[in-house]
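Starting off, we have a lone chain in the form predicted alone, written out as structure tokens.
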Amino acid sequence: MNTDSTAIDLEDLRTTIAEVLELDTEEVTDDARFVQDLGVDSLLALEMQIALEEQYGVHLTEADLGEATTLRATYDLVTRKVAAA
């Protein structure tokens, strides 16, 4: 598998998360914490999980969601999952 097919675009990920959270993309900074800074609750976390699974064709567990606390952490997680698929 070549790296181009597994590359995740950070800005596309930022846009997806911003759309789910109904925020401007500028608010979803690399290090903004989803729960503490952006007000993500369990329902929004589930919506984000579904959107990411559909967009990137990966399966995310509850433990994965616990790890994905910022855009940067989510990017790293999704990149690993896509590469492993």
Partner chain sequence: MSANELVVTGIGVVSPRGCDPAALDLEGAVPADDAWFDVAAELGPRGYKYVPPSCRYLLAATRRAVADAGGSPAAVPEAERGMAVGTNSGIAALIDGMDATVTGPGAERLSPATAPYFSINTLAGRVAMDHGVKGWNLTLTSPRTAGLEALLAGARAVAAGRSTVLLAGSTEAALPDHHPAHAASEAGAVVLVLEPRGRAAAAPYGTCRTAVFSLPAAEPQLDEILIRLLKDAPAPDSALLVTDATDASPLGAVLADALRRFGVPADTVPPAAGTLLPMLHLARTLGRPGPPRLLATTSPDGACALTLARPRHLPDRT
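Positions refer to the first chain, counted from 1. Keep in mind that this is a model prediction, so the values were computed, not measured.
As for the form predicted together with its partner chain, it is not shown, yet the points below apply to it.
- Although the partner is absent from this view, D37 stays clear of its partner chain in the predicted bound form, with no non-hydrogen atom inside 4.5 angstroms.
- Though the partner is left out of this view, L23 does reach within 4.5 Å of its partner chain in the predicted bound form, counting heavy atoms only.
- Proximity of A32 to its partner chain in the predicted bound form: non-hydrogen atoms within 4.5 Å are absent; the residue sits far from the partner.
- In the predicted bound form, its partner chain lies farther than 4.5 Å from every heavy atom of D64.
- Residues of 33-48 that come within 4.5 Å of its partner chain in the predicted bound form, judged by any heavy atom, are L43, L44, L46, E47 in sequence order.
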